[in-house]
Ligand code: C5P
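Presented as structure tokens, the chain that follows is alone, the form predicted on its own.
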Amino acid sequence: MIHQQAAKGLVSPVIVAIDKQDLNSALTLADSLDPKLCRVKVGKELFTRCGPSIIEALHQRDFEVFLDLKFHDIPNTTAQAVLAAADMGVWMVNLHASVGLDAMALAKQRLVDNGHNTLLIAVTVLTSMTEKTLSQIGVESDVESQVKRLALLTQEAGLEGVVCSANEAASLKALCGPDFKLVTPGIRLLDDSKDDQKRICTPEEAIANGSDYLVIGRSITTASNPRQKLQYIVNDCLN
């Protein structure tokens, strides 16, 4: 059954990353959160293990879902995968901007043709990547130049926005305009571990830089009381 997104008027920019390895753990975490204060993100591992059942279960709990699978394939395959995600009723889905202009435009057109309002965004440069990482795969641009190049390509294709680090948010808002949505992972509180993220930012810094949505994982999900930590971030860090 296609989930009908509720018009909840959710104004919180927080998207909690449900990075668990099984359905029960994921739903236990979801039940410790409040859909009035956040959306949730389902990534590759959890979706691969659980499939559409995790999306349906989260929708039943009234969460809007960002399906973070970063599609990257030939144009028709990419577009059909995006459409399949939209058919599940997800709020947002993404693909890699490096898939190219034609594939991005086709994916967006598929959503329009089928009457979906699912947000479609593109990944520019993963927040774990540095200039050294880009050089290793043959990209000689610095991170910021590559992010800008891919963001402009995404905008040309008609997508709603990009995933980017907060470090690039201000320049991307200036480059692409205020309506171009910026989704920022790598959000940490000041006393958190950086873990595997290289380009991170606090919630306050990310919003000040122009980020529209903040993907927050461990800061909330490893807290002794995730709902309380979420409430703190929304009420104290973002107001």
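Numbers follow the displayed sequence, beginning with 1. Only a predicted model underlies this, so the values are computations on that prediction, with no experimental measurement involved.
Not on display, but discussed next: the form predicted in complex with cytidine-5'-monophosphate.
Stretch-level contact check against cytidine-5'-monophosphate in the predicted complex with heavy atoms at 4.5 Å: of 54-62, 169-177, 209-217, 26-34, the positive one is 209-217.
Under a 4.5 angstroms non-hydrogen atom cutoff, cytidine-5'-monophosphate in the predicted complex has Asp19 among its neighbouring residues. Heavy atoms of Arg39 never reach within 4.5 Å of cytidine-5'-monophosphate in the predicted complex, leaving it off the interface.
At least one heavy atom of Arg188 is located within 4.5 Å of cytidine-5'-monophosphate in the predicted complex. Taking the partner from the other structure, cytidine-5'-monophosphate in the predicted complex has a heavy atom within 4.5 Å of a heavy atom of Thr127. Although cytidine-5'-monophosphate is not shown here, in the predicted complex the stretch 223-239 places no heavy atom of any residue within 4.5 Å of it.
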